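The data below hold one chain only, encoded as structure tokens and taken in the form predicted on its own.
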């Protein structure tokens, strides 16, 4: 087993802004929603840009925000085999610290991305940085190494020549990772404090880049972790990996599911809504809609609407029925999942073109546009009223003064 573990007691201060953190891919509850935040109407180089910094490495992973700090990952070196975990002050953009590690697994990726594709996650005490090389690194918020796992070192046939991108989920003191490709595919639950395996289950040998998510449990019942793949859905108990229920219907391999309360929206048969039952019962299918099928971005649930972005088309559907209400052509191709703040959404296409959209009941309206001038893979993050956007080379903070 390839593992570095540091023992000790970690003292952690209280979060400075409870509820303002964006601790993982797509933010709190993987929702892509900051309901109490306010997006700027637009921006340019001279307006509403608090700061822009050049990054010391490349990567398409999203930033996360914890305790007024922005964390993100990157890779550098001639072979992109040096793994960077970066921390910046959210107010000033000053770099607080940088840590570098050597990749222990496969570093080959598609030319448009690097090994820093998975978005890191935090439980408020530590940062869990995952890379396409299947290296999982745990640091405290000040950058002190807690443990490191080289999962490809232990499973050398796991990996993909176009790169891995599934982001980790943190549930009940467990870091859950999905490592699925045409080779050695598995999902694992790793103890957040020790870095040791709690469980490992074999998965179908199929390419998959979707990310696991937490499913809320009923009163007195444990939560579950949802594993999504082209083979279907599997809910597992987070501490043991014990399967709770399965649904054998193929899902998308990029767009990830979203859950609000006991309603699960998953990219299956286009887009499918499922009502969760008891932990051991398969969910009830409420509706499916081919017209609401998402592309690479994940669906978003907000109030009584569901939103899906495919190619250049943003679609709004009724959450109760899946019926398409309106659609809006934005232009360009989109990889990044949009974010919603208040009654507005921001969508950023691969060419760096930004659309601000008012989410009216009868139709969507583009209310502002901007351009970053850089290709964008990463989904943006929100904290307070600030929007954090990352390109391959730069990180921006966008906020109205």
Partner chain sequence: MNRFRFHQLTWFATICVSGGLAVAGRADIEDGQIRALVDTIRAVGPEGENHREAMDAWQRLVRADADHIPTILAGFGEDPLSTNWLRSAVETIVERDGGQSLPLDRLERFIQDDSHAPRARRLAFELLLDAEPAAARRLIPGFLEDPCLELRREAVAEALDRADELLANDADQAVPVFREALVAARDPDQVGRAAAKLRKLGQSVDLPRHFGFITTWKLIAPFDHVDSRGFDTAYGPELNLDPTGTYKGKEGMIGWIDYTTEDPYGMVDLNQVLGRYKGAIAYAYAELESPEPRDVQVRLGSITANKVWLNGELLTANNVYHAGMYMDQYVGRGRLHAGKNVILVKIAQNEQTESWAQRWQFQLRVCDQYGTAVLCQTR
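From a predicted model like this one, the values you see are computed outputs, not experimental measurements. Residue numbers count along the first chain shown, from 1.
Just so you know, the form predicted together with its partner chain exists too; it's not on screen, but the next bit is about it.
Asks: Its partner chain isn't shown here, but in the predicted bound form, which of 314-322, 190-198, 114-122, 253-261 has heavy atoms within 4.5 Å of it?
Replies: In the other structure, the partner sits against 190-198.
Asks: Pick from 272, 104, 75, 185: which has a non-hydrogen atom within 4.5 Å of its partner chain in the predicted bound form?
Replies: By the 4.5 Å criterion, the partner-contacting residue is 104.
Asks: Though its partner chain is not shown, can you say which of 128, 307, 147, 88 has a heavy atom within 4.5 Å of it in the predicted bound form?
Replies: Looking at the other structure, the residue within range turns out to be 147.
Asks: Wondering, does residue 108 line up within 4.5 Å of its partner chain in the predicted bound form on heavy atoms?
Replies: Yes - in the predicted bound form, heavy atoms of residue 108 and its partner chain come within 4.5 Å of each other.
Asks: Against its partner chain in the predicted bound form, would residue 203 count as a contact residue? Criterion: heavy atoms within 4.5 Å.
Replies: Heavy-atom contact with its partner chain at 4.5 Å: absent for residue 203.
Asks: Indicate whether residue 326 is a 4.5 Å heavy atom neighbour of its partner chain in the predicted bound form.
Replies: It does not: once its partner chain is placed as it appears in the predicted bound form, residue 326 has no heavy atom within 4.5 Å of it.
Asks: Although its partner chain is absent from this view, report whether residue 281 comes within 4.5 Å of it in the predicted bound form, heavy atoms only.
Replies: Residue-level check for residue 281: no, no contact with its partner chain.
Asks: Does the trio 265, 367 and 371 actually contact its partner chain in the predicted bound form, every residue with a heavy atom within 4.5 Å?
Replies: No: no residue has a heavy atom within 4.5 Å of the partner.
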